[in-house]
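First, one chain by itself: the form predicted on its own, in structure tokens.
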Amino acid sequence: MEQLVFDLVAPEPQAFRTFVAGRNTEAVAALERAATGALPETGIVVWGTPGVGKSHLLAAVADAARRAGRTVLACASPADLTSTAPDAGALLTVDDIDTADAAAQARLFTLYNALRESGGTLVVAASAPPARVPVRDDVRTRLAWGLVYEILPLADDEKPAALAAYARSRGFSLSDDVIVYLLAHGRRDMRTLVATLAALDRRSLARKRPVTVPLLREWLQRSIDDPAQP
């Protein structure tokens, strides 16, 4: 089978537990603290190239903050920002901050100041560090006041260990041959690979069989023959 149908795999929830941190453990730890309000800084900027998981991390910090009982305002883009003052101690996330127009930048400036005064938190994602984000100087300065993390993609030689660690976090072991098979066929981005392992784990529990290459082949073939099958 030359091409595995990884597109049939349902994405895992965008939470901290489904993000394979790799070299981003410091950034993830800071975001976990920010979610609970334990971080003294008002703002965090996560930046990096497309596909490294910035949106995943914004969704994860929002999810964790809600679980902690905080008010959360999650904006998929700066265009979603409103001028409404956030509740005291709220968490605001804004994706694709690079696309903010003049009106959105003005709202962000006001909201940042309100969050700082009320003990709230701002987490934004960008494609570049604050110094290179195309926003007005006072907004850029405030973004740079907080913590700034580049989100780094996993290198190919890091993925086997990351996949094995993710499997352990779900309570099952992953043999080297399964990892090799996964990485040798189809898409190699971590979001798809993690979702594939989660689906295999569910299949393994349903069939009461360990996660092996034969189980992987069987599941994939079943998915090709009948995409409606789990």
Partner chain sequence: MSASTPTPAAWTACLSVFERELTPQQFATWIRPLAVEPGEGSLRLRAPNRFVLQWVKDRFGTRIATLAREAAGAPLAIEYALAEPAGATAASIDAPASPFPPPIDDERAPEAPEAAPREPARPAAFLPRRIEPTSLNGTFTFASFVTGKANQLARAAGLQVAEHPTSYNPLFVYGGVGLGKTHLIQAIGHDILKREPSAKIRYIHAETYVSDVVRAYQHKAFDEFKRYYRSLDLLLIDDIQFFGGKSRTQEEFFYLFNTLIEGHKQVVITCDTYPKEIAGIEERLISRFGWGLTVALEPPELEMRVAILLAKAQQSRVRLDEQVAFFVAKHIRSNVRELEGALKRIVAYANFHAQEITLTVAKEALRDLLAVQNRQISVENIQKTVADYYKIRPSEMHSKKRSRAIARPRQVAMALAKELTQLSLPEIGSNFGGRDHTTVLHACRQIAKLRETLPDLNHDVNFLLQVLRS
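Positions refer to the first chain, counted from 1. Because the structure is predicted, anything quoted here is derived from the model rather than measured.
One more form of this protein exists, namely the form predicted in complex with the partner chain; it is left out here, but the text below deals with it.
Shown alone, this chain has one stretch from 155-163, 90-98, 137-145, 71-79 that lies within 4.5 Å of the partner chain in the predicted bound form by heavy atoms: 137-145. For the candidate set 63, 41, 201, 189, a heavy atom within 4.5 Å of the partner chain in the predicted bound form is found for exactly one residue, namely 41. Contact check for residue 29: a heavy atom falls within 4.5 Å of the partner chain in the predicted bound form. Contact check for residue 110: a heavy atom falls within 4.5 Å of the partner chain in the predicted bound form. Contact between residue 221 and the partner chain in the predicted bound form is not found at the 4.5 Å heavy atom cutoff. Here the marked residues 167, 184 and 205 all miss the partner chain in the predicted bound form; none has a heavy atom within 4.5 angstroms. Scanning 84-109 for heavy atoms within 4.5 Å of the partner chain in the predicted bound form gives 85, 106, 109 in sequence order.
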